[in-house]
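Consider the single chain below, provided in C-alpha cells and representing the form predicted on its own.
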C-alpha cells in the first residue's frame, strides 16, 4: 500500500485546505489508527484509519458518482459561461478534481459518471472496449422496421462513417419512443444515425452504462456514489484497463 504525508492524506479525507490540515495535526486533533499524531510530514499508509476531533473519517482515494444530468448543463468540469454537471456536486467535493467519464449533449439528460479515476475513465471511453450504453429516445416520427434492421447491420452516416451494429427497440404503444443500445461513442451518434432515415431526435436520455442502470430515485440533478457492486460491474466489463481515449468524444 502506498504511503502519503499525513497532512496531504488528511486534506483529502476531510476535504480541508492543506494549511488547515496541518493546524489540526499540530493541535493534536488527528489520530492515525487510533494514535494521536502531531507530525504533518509523517508518512502513513494511504488506507490508514484517520480520526479528526474524535470522529472517524470515511473517505475514498477515488470518487465514482452516478449523476442524473438535467438538460441545460454541459458535460465538462468547468465552463466560464455555463453550468456544468460537475457544478452539481462541487460543494460536496470541493477539493476533488472530478470530471465526466463520457459526455452527453447540453440538451440530453441521464446517466453521467463523475470520477477522478483517470485510468478507469479512459478505459470506459476506449474504442477497443465497446462499453455498452443504453438510451431512451423520443423521435419526431414513428420508428420503423427499416431503422431497426439498419441499426442492427451498422448504419453508414452521411459522411461515410460506418457505425458498429446497435440495438433498436421500438415501443409497441408509442412507435416514436425507442431504446437504443450503443457500443461506441461518436459525436452526436444517435442523432446522426436517425438522421440517415430522415428522423429527428426530440429527447435523449442515457439510462445505463456498462450494465449499471441509472438509479430512478435520483431525479434531475441528483447524485450518489456507485455501490461496490456497481463499481465491480464496471470493472468486470472493462477487464484490463485500456489505452487513453479522446475525452472530446460525445454521444447523443
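Positions refer to the first chain, counted from 1. Everything quoted here is computed from the prediction, not taken from an experiment.
Beyond the structure shown, there is the form predicted together with uracil (URA), which is absent from this document and is the topic of what follows.
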| item | value |
| --- | --- |
| Contacting member of 209, 199, 32, 190, with respect to uracil (URA) in the model of the complex [4.5 Å, heavy atom] | 190 |
| Interface residue in the model of the complex among 104, 163, 86, 134, criterion: non-hydrogen atom within 4.5 angstroms of uracil (URA) | 104 |
| Residue 204: touches uracil (URA) in the model of the complex, heavy atom cutoff 4.5 angstroms | yes |
| Location of uracil (URA) contact in the model of the complex, chosen stretch of 182 to 190, 49 to 57, 34 to 42, 216 to 224 [non-hydrogen atom, 4.5 Å] | 182 to 190 |
